[in-house]
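As structure tokens, one chain now follows by itself in the form predicted alone.
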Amino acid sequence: MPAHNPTYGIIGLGLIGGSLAKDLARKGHAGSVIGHDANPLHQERASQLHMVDRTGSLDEVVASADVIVLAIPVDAIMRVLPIVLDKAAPHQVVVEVGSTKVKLLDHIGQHPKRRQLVSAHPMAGTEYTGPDAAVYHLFDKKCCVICEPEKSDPEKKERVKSLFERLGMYVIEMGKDEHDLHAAYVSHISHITSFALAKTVLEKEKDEARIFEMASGGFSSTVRLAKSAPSMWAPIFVQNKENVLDVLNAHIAQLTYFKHCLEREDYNALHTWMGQANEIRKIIK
């Protein structure tokens, strides 16, 4: 692989793949970027936005790139990753950036080219999708998790780690089970809560004008994740089902306790409960 100007192949030209392509070009990390998207309109739009140097078929991307990045929904990664690995030459690095790991890495664990794969999760994003959602600096000061680093070729793993660090991320390593557990608690439950809040308000408050007029910053920031694409998030919830159910049960228990405090008019307990929640400020500024 060329040391200074590798060709990157980006499969999936939405928020993550598109933002990666933008930053690779802006920071001079790529000799060229070739892109592919299963949606022809997304592929065409990526070309119009000059997000990539050129687009091509899946086979053309795999044949042309030194580093191949799969930035597609997790159910699509399950289908496409074995195909990419089958076609990959020994020098190529394959990177998947899905939000769940256990089912995928179990699925691909016995592949003869498993060591060419680096499984990463750049924990960055917005509620928007498609090529027009791609932005510069998306990855700055965000966390990137590399999963099962011992299963990847050390040199290839270091290349991927260095790539994300050059994009401004800090990189940590962990096992697939640990990743999916923590992702459920710090990422997946936030989306579930936002979807549920949006459903609650839409079903109870029939006056859309009043929702728009009275929605404060607090409501808007809490519900914004409900704009996220079901095509991306439903497969994440399904693949991480056990951990999602665990965190969901814990969350429901907290809501039930809050409800009981109000029903019993136990306002001292309610105040204490909220104060305990304030402890999060010591962790997240």
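The first residue of the sequence shown is number 1, and the count goes up from there. Remember, predicted model here, so these are calculated numbers, not experimental data.
From this point on, the text means the form predicted together with another copy of the chain, which you will not see here.
*Asks:* Which one of A38, L245, A63, L49 is close to another copy of the chain in the predicted complex, taking close to mean a heavy atom within 4.5 Å?
*Replies:* By the 4.5 Å heavy-atom cutoff, the listed residue in contact is L245.
*Asks:* Report yes if any heavy atom of K204 sits within 4.5 Å of a heavy atom of another copy of the chain in the predicted complex; otherwise report no.
*Replies:* Heavy-atom contact with another copy of the chain at 4.5 Å: present for K204.
*Asks:* Just checking whether R114 would be counted as a contact of another copy of the chain in the predicted complex - the rule being heavy atoms within 4.5 angstroms.
*Replies:* So R114 does not count as contacting another copy of the chain.
*Asks:* Residue-level question: is Q110 within 4.5 Å of another copy of the chain in the predicted complex, judged on heavy atoms?
*Replies:* Looking in the predicted complex, residue contacts with another copy of the chain do not include Q110, since no heavy atom lies within 4.5 Å.
*Asks:* Classify A234 as contacting or not contacting another copy of the chain in the predicted complex by the rule of any non-hydrogen atom within 4.5 angstroms, answering yes or no.
*Replies:* Close contact exists here: in the predicted complex, A234 approaches another copy of the chain to within 4.5 Å, heavy atoms only.
*Asks:* Only one of 86-94, 175-183, 156-164, 131-139 has heavy atoms within 4.5 Å of another copy of the chain in the predicted complex; I'd like to know which.
*Replies:* Looking at the partner contacts, the answer comes out as 175-183.
*Asks:* Going through 251-285, which residues have a heavy atom within 4.5 Å of another copy of the chain in the predicted complex? Please give them in sequence order.
*Replies:* In sequence order, H251, I252, Q254, L255, T256, F258, K259, L262, E263, E265, Y267, L270, H271, W273, M274, G275, Q276, A277, N278, E279, I280, R281, K282, I283, I284, K285 come within 4.5 Å of the partner.
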